[in-house]
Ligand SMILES: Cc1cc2nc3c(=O)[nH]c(=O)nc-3n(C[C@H](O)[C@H](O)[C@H](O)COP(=O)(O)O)c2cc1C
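The form predicted alone is given below as one chain in structure tokens.
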């Protein structure tokens, strides 16, 4: 059986932040299940969001291909070749990061058709994971109806990959290495540090298990 490939897409500007760490752990779990892996850091690429040129909707052109040519273009093609994908984004101003949203526009809109019969031309069913990291607590997440705010991303992934994504949430994240250097008086640094000590190892274990699950899930889709 050919080796599976699992791709992780980091939508955080930090290559070693909370989001990247959880994505890396997912890849380690996928490696333990026998897959090859790759991490893509979106903020290291020079690209723009969708320009609404509608080239991907033209009847005389190949569907599912974004007409823009930049450093994101090969990433969009590698996603189609992958066997599973883990997406990750911090939550900024009640939504995914601007870089991740621009990426999602390019990926999903290019595969979406204005057709009731063929809503997507993405070539196959594919397992996926969606990691959200955020400073807000779980109670605040529920208070601000964040499931509704972030639901468009869940829906887009489920529509195009034909199976809903597995999700992993990291709430109340520890943001600074030294809180004394930043104006952050609305937070309790001791609480943040205590929360991280207690919950972060659990999240890392969950991410590792999720990586293994992505590989096993792909096997079940193919059987």
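Model, not experiment: these values are computed from the prediction. Residue numbers count along the first chain shown, from 1.
Here the subject shifts to the form predicted together with this ligand, a form of this protein not shown in this document.
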In contact with this ligand in the model of the complex (heavy atoms, 4.5 Å), from 121-129, 86-94, 108-116, 70-78, is stretch 86-94
I'd like to know if residue 173 sits close to this ligand in the model of the complex, meaning any non-hydrogen atom pair within 4.5 angstroms.
yes
Touches this ligand in the model of the complex: residue 12 (any heavy atom, 4.5 Å):
yes
With a 4.5 Å heavy atom cut-off, would you call residue 102 a contact of this ligand in the model of the complex?
no
Using heavy atoms and a 4.5 Å limit, would one call residue 82 a contact residue for this ligand in the model of the complex?
no
Counting only non-hydrogen atoms and a 4.5 Å cut-off, give the residues of 132-149 close to this ligand in the model of the complex.
133, 134, 135, 136
